[in-house]
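Take a look at this single chain, the form predicted alone, given in structure tokens.
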């Protein structure tokens, strides 16, 4: 089980020396319990205590990186069973499958689509993650050529899906230096697969018929030097996939079976319900999700779902405070004041662009709170508006002194006028009404 802050504190030297960068040993213990510092940061721990604290405070689901540099993504590192307890940190990688039975043109067409597809939502780029190359013919030569076709088109993270070590090595000979995920080791050939994982420094997916066997195989692979593992829980039954994924996460988070404390791999094609399996994989602990090419309409839904699940529920997505331009605003352009909650910003920006009015947006720092919440909490105040006008040089940008504030901030209008000397117009509560508001009120 993970140690609590007071349990950790009892093991510390209690010198309050500040050499770890924290003011007291108790502060260090609290941060160590929440994963914000490492046991190695304390210079006075003896080796046994450091080893104990390191094992009990590192994430129960091991972090695994697939790929290198910009062509990589990280999975695992999770510390809770339910998102609302804290957050999920590393979103699952969705890998599009190509087969070594496809011709090179077909492979490259699929790879180019994955490479080029980009969806922007609330200021964040959403993409599919990479390519899974599947051996269907069992030919090392064909598998190697399929990997070559992928490499010729894009620098993307890869999964090499071949059970035969000889076939697997043919793919690794092409892209092994980019650390693809090797899939998959079983009890029959884990020694050969572990050797390949060690030789190329790659993460290794493993699979077994049940969780007990999977835990034993995990221990064997770790002993063989392949310590960066991914657990394949693929099944023909979606019900079984969900049960197994939930059980593995429970074993990991409780630390009752550390050998199951690894990210989860799911081949969504196996269930016969690939869309449902992909949704369940995103919602229920999947880390590497393999799927056939997803239609663009469905792709948007999957990417948005993943973004929503892997957004920290305790930390709103924020926009950097400052001045933002819509169109080509001149000195007579209207200035809209709003908060730095990203959804508020992008909603207002979209409607201003649609209105056809060149405008300025003054984004103030309300710590990511929405307008109504920021007003109620006192985060949006007349002094903040005054200071922001000065900080971002707004008087130098326009030839007027009129500020449009959100409708939900109407109670602050008089105080903002008194504090800043600017005239305040109370805008609509709904950003969809800004075009009509500007036509009637702005001259």
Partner chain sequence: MPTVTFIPGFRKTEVRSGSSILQAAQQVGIHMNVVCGGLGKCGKCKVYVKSGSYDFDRDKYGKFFTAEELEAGACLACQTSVSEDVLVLIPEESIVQEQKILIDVMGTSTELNPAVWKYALSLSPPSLDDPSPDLTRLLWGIEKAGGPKEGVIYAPLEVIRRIPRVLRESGWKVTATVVLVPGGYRLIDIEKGDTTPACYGAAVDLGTTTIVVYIRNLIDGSVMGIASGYNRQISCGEDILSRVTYARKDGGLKKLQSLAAESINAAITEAANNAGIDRDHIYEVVVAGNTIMTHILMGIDPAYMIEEPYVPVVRRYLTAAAGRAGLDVGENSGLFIFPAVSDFVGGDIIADILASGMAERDEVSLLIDIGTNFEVVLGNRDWMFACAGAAGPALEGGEVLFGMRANAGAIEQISLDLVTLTPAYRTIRHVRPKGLCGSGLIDLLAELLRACIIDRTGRINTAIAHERVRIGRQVPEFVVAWKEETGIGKDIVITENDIKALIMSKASVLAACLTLMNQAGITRNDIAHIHFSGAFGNYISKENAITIGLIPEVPVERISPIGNGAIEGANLALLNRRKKKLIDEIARKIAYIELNAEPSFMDEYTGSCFLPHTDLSMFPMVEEMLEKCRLRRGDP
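All figures in this text were calculated on a predicted structure; none of them were measured in a lab. Residue numbers count along the first chain shown, from 1. Each form is matched to the other, and the largest set of C-alpha atoms that superpose within 1.5 Å is called the rigid core.
The protein also exists as the form predicted in complex with the partner chain; that form is not presented, and the subsequent description refers to it.
- The contact with the partner chain in the predicted bound form, taken as any heavy atom within 4.5 Å, belongs to 26 out of 394, 26, 37, 52.
- Listed residues 108, 373, 340, 227 were compared with the partner chain in the predicted bound form; 373 is the one with a heavy atom within 4.5 Å.
- Stretch 365-373 is the contacting one of 218-226, 68-76, 157-165, 365-373, since its residues have non-hydrogen atoms within 4.5 Å of the partner chain in the predicted bound form.
- Although the partner is absent from this view, residue 383 contacts the partner chain in the predicted bound form, with a non-hydrogen atom inside 4.5 angstroms.
- Using a 4.5 Å cutoff between non-hydrogen atoms, residue 30 counts as a contact of the partner chain in the predicted bound form.
- Residue contact with the partner chain in the predicted bound form: residue 314 places a heavy atom within 4.5 Å of it.
- In the predicted bound form, the partner chain sits within 4.5 Å of a heavy atom of residue 418.
- Residues are counted as partner-facing when one of their heavy atoms sits within 4.5 Å of the partner chain in the predicted bound form; in 84-106 not one qualifies.
- Taking the rigid core as fixed, one finds a CA shift for residue 227 smaller than 2 Å between this form and the one not shown.
- Once you line up the core between this form and the one not shown, the Cα of residue 365 ends up 2 Å or more from where it was.
- Residue 65: CA moves less than 2 Å between this form and the one not shown after rigid-core fitting.
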